[in-house]
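The chain below stands alone and is given as structure tokens, in the form predicted alone.
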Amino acid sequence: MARSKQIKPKKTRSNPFKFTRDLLDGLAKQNVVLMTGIVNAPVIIAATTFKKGVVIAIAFALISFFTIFTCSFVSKRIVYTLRVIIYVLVGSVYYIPTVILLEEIFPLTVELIGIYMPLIITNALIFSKTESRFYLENRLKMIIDVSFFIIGFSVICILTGAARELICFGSIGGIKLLDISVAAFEAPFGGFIMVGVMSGLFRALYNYLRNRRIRMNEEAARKQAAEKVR
């Protein structure tokens, strides 16, 4: 009896590049603070003023981007545990010039942020998204994709810092705007409340727009079906 020839499965074609579906994940669908919550400690605890939010956002952007880009050249043949150690070491290298730069621009703010600056080296974007998403993409798409995730974090971090400063001191960036003072919002629970409210509003808006798009697509499909029947 002739042995049946084994048919090798064809390699699945990679999904076509879709800007709104893939790249806007970092801003909306998979926002690392509001939707997934994987990088929220610096925002909740340390981003208590507009300047702190800006400093954290810049540090996060520089360290995360250059660490992810540099480590994309690390061979995947190296076991995962060693790759993680390499990611930390590379992040530490970029942390030093980043802090020196920020101390020149915001000399007191960096010191006030304290331990949450070096903790950016081990942020979850570097460890959770690199292996599961970024390093599965071609390098150009990876760069753009990472940039959107960073922008998504930075916008929320700065907005949270500005809102908490306004509630706590009635100012934004040191400029007095309102005559209010709720100092308790400077504590971590104030950050939890702020991020929780923003997350709830953001999710509600996102779900509304998604459901609206689904309804519009269904209506368009029904119209097409009706036209074919005619």
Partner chain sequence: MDKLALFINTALFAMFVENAIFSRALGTSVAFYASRKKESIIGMGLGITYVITVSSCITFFIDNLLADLPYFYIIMPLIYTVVVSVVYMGSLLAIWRFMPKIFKSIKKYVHLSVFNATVLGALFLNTVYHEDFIAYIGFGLGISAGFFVALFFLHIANERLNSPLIPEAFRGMPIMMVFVGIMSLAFYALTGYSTNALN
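Positions refer to the first chain, counted from 1. As the structure is a prediction and not an experimental result, all values here were calculated from the model.
Below: the form predicted in complex with its partner chain, not depicted.
Peer 1: Evaluate Cys71 for contact with its partner chain in the predicted complex, applying a 4.5 angstroms cut-off between non-hydrogen atoms, and reply yes or no.
Peer 2: Residue-level check for Cys71: no, no contact with its partner chain.
Peer 1: Report yes if any heavy atom of Asn40 sits within 4.5 Å of a heavy atom of its partner chain in the predicted complex; otherwise report no.
Peer 2: Taking the distances in the predicted complex, the answer for Asn40 is yes, it comes within 4.5 Å of its partner chain.
Peer 1: I'd like to know if Glu137 sits close to its partner chain in the predicted complex, meaning any non-hydrogen atom pair within 4.5 angstroms.
Peer 2: Close contact is absent here: in the predicted complex, Glu137 is far from its partner chain, nothing within 4.5 Å, heavy atoms only.
Peer 1: Would you check, heavy atoms only and a 4.5 Å threshold, whether Val33 touches its partner chain in the predicted complex?
Peer 2: Output for Val33 is yes: heavy atoms within 4.5 Å of its partner chain.
Peer 1: Just to be sure I understand the contacts: of Leu89, Ile78, Leu108, Ile105, which is the one whose heavy atoms reach within 4.5 angstroms of its partner chain in the predicted complex?
Peer 2: Result of the distance check: Leu89.
Peer 1: Go through Ile151, Leu119, Ile144, Leu159 and name the one with a heavy atom inside 4.5 Å of its partner chain in the predicted complex.
Peer 2: Going through each option in turn, the one that passes is Leu119.
Peer 1: Considering its partner chain in the predicted complex, find the one stretch among 61 to 69, 164 to 172, 201 to 209, 48 to 56 with heavy atoms no farther than 4.5 Å from it.
Peer 2: In the other structure, the partner sits against 201 to 209.
Peer 1: Which residues in 75 to 108 have a heavy atom within 4.5 Å of its partner chain in the predicted complex?
Peer 2: Residues within 4.5 Å: Tyr80, Thr81, Leu82, Val84, Ile85, Val88, Leu89, Ser92, Val93, Tyr95, Ile96, Val99, Ile100, Glu103.
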